[in-house]
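Below you'll find only one chain, the form predicted alone, shown as structure tokens.
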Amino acid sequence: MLPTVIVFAYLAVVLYIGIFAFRHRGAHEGAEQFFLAGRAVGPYVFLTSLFGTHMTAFAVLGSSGHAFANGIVTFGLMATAAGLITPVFLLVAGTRIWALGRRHGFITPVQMFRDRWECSHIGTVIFVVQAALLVPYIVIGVMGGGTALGAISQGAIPYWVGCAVVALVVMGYVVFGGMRGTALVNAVQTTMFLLVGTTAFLVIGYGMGGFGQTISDMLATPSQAPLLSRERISPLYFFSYMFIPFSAIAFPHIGIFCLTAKRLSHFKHTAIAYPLCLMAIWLPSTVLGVVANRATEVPAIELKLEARQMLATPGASLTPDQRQALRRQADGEDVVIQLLHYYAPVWLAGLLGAGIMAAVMSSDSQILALSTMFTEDVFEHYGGKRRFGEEAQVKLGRAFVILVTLVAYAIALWAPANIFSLATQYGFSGYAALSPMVFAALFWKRSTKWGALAVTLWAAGSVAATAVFQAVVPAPPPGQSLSVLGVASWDLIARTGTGTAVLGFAPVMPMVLVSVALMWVVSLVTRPPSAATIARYDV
């Protein structure tokens, strides 16, 4: 139980740091202090907070689990494109969001959309869709907490208890610390899991006898050699993942974080360091997920490999419930923790487990962002602040944090999907489809509120359609594809082991391209905002 004790000690320290931030002079003086930390976040905290809130459980547990099943191609799918595209978007769009926020006093992206396009209720529709799409991202943090604590304690802590512990800790420091507490905790946690990634990589590699021999053994094994190539992912599907990083600038928590920077120069430093941070966390996680396929001496991993083999056996007579149980058993999102338990000294496994928990708990910013959006885009916009005052607005924000956390916890207990697919199929894809709206608001004078509405409804409808499709059509065994709608030799729509394919592409690609077309066509045939409003953004 020593690793579990170390992790709980770490959680106590994190909770203290987050709550201590509330005691900072000025942290409780108003909405801008609570929700944006007074727009005074320094360069290191800005970098680590922004990076940490973008990664969450998806980067450690989700990436290693996906790599365990699909191979080293996971790094190319997510980390390569994100390392190139996200820093550019931060420099191009993030700096403009920061400048407009300073000039016009915006606290949320929806406030900018309303002002830019002279719309009120359409802004509310955008809020509702953004909030709904943010929920899966919050849920994966809670799911990651349950998965990580269960694995660290070797099953002594049930999944539902682990989810509850992480939800309560995050809720505690977000409620009391606001953006200042959240930013400080994220800075600590990001530093922690960046160090842990490298350390875990070295310790496990040494315990396995060196990665060189492990890789050689995998290359000599026909069933495992494809894990060291792109073979498990088709070229079209691989290419379509280039559109996933488009989601970064459309995430409301990223947009809100852009408003917290003290100086514009913080963005330059962040853009330079971001790819390095990305490589430091994604490369160890994906490599460890891949080499876990050779760790048959680890009992928990051996059971996963056996379950995977049963699922892939042609003609296996399995009931839907049996197949679902085997899928859960074969899931590899805890393989890094299992490797640590087996190859690292018990005290070091505890410290490294605490680092993994640091990555898992970075969903705090999404919870705070959702609370900020509700209080600013609904409560304040419809007169609540004028009637009840700013203090009531902050109190409502805290209450909303509690509500969102409880809802995320309930969904995490029910959610059947794994972390990687839940994030990419719903969270990332939905926000990527909203990115043309963000760029239009920032850079295209002729864009209109009706174009923004069309994009918003399309993003919501396509994500909902994907969710319904995947709920109705069972997933085929890993590595296989089931054609659902085809013409001649073309598979228009197919169900894959990890999600959905449209003409061979991941859904995110057609979602983004249709959004671009809708924003362009609908804006051209509808009336633009007034010349005075356009002039206010013509800088």
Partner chain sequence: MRRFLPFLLVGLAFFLHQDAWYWNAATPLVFGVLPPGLWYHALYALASSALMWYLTRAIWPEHLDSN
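Residue numbers count along the first chain shown, from 1. Given the structure is predicted, the values throughout are model-derived calculations rather than measurements.
The same protein also exists as the form predicted in complex with the partner chain; that form is not shown, yet it is the one meant from here on.
With the partner omitted from this view, the residue of P345, G155, P235, G383 that lies near the partner chain in the predicted complex is P235 [heavy atom within 4.5 Å]. Of the listed positions (E390, E231, E306, E118), a single one reaches within 4.5 angstroms of the partner chain by any non-hydrogen atom in the predicted complex, namely E231.
Of the candidate stretches 125-133, 192-200, 447-455, 221-229, only 221-229 contains residues with a heavy atom within 4.5 Å of the partner chain in the predicted complex. Although the partner chain is omitted here, in the predicted complex all of I72, I85 and M279 have a heavy atom within 4.5 Å of it.
In the predicted complex, at least one heavy atom of A271 sits within 4.5 Å of a heavy atom of the partner chain.
The partner chain in the predicted complex comes within 4.5 Å of a heavy atom belonging to T80. Q338 falls outside the set of residues with a heavy atom inside 4.5 Å of the partner chain in the predicted complex.
In the predicted complex, the partner chain stays beyond 4.5 Å of every heavy atom belonging to F400. Along 254-270, a non-hydrogen atom within 4.5 Å of the partner chain in the predicted complex is carried by L264, S265, F267, K268, in order along the sequence.
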